[in-house]
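Before any questions on binding or motion, here is one chain by itself as structure tokens, the form predicted alone.
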Amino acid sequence: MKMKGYAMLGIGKTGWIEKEVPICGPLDAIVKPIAVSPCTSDIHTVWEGAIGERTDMILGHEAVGEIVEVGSLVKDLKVGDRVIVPAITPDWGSLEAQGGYAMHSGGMLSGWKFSNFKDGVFAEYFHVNEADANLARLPSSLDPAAAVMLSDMVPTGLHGAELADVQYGDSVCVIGIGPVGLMSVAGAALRGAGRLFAVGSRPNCIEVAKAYGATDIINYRYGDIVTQIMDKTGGKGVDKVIVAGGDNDTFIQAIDMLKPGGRIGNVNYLGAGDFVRIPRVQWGCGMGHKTIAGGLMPGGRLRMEKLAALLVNGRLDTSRLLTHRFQGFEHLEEALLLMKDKPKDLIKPVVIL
């Protein structure tokens, strides 16, 4: 049986294609999407060729959906269940998973399957490996549009706060307040940040950052962000930095504003360039105890269930991210191009199917 999907045809090219409906393995599930959202990662993949050439690969890795088929060994899920689908779907029996890094199961970044080396979720049906371990039931109280942010934006943003090891009372700077950065602001606030700086310029993102707990806004249009941070901290800098935007040179600013003994958590997808530059002197000539930790978000059912609990119990409101809503499969291309063009009023688009 054939299905329709929106795909990367090659670097710089996208379009609708037809493919065979994927086959369900004994541990797996076939899911029909009910809400999806394009991601900046899709833009890096298609228009920057960040992960190399891909031909006729269906895009998308953010979805909630309804199970239409389960494998013979699936125990906890059944046809008709509505589920949260994480962007990262590891192989849980791998050595990497046993070592605590399931997101790298099978090799670096290989827990990221959708729209990397496997067809993604922008299709009438998509395949999920190890369904019991990778899918979480969608709580009935959650709006699917808001819940689709649990696929990637919430776990990636909150992982930035984890990587930076934000502690009670820490001064924290989040560089970049797109949807991931906004979730990093929320994550830092949830983990007890004292003073919380958010770097950005778009008025709607600034408003949402404040709602999520930012105490200070650093607008790069008003001058060097390091100078602004130093001015506001009496020349001391901050305890922690979360990098959720910028480019390869953003680490220069992050190191510059970080106190000795501080920590940088990077969740920004660096889609171009060969090297990341680190300033030698500001890094303490290699001995400043300024740690850089960069990581792909954790996936899996347990992670999704815990993050969903934040929404269910009112600890986090992802609806603030949703600036553009579309109804109907045919709007996928329009939503994706919004992420490419980034109009000023955009934070995150969602397509309800």
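Since the structure is predicted, the reported quantities are computational estimates derived from the model, not experimental observations. The first residue of the shown sequence is 1; numbering continues from there.
This protein has a second form, the form predicted in complex with a small molecule, left out of what is shown; the following refers to that one.
- For the options Ile51, Leu27, Leu311, Leu296, the residue carrying a heavy atom within 4.5 angstroms of the small molecule in the model of the complex is Leu296.
- Just one of Val267, Cys173, Val121, Ala193 comes within 4.5 Å of the small molecule in the model of the complex, counting any heavy atom, and that one is Val267.
- For the chain shown alone, Cys39 is a contact residue for the small molecule in the model of the complex, at least one non-hydrogen atom being within 4.5 angstroms.
- Although the partner is absent here, Lys232 is not a contact residue: none of its heavy atoms lies within 4.5 angstroms of the small molecule in the model of the complex.
- The closest heavy atom approach of Lys75 to the small molecule in the model of the complex falls outside 4.5 Å.
- Heavy atoms of Met339 reach within 4.5 Å of the small molecule in the model of the complex, making it an interface residue.
- Partner contacts here mean any heavy atom within 4.5 Å of the small molecule in the model of the complex, and among 121-129, 257-265, 92-100, 173-181 they occur only in 173-181.
- Not one of Ala164, Gln228 and Lys236 places a heavy atom within 4.5 Å of the small molecule in the model of the complex.
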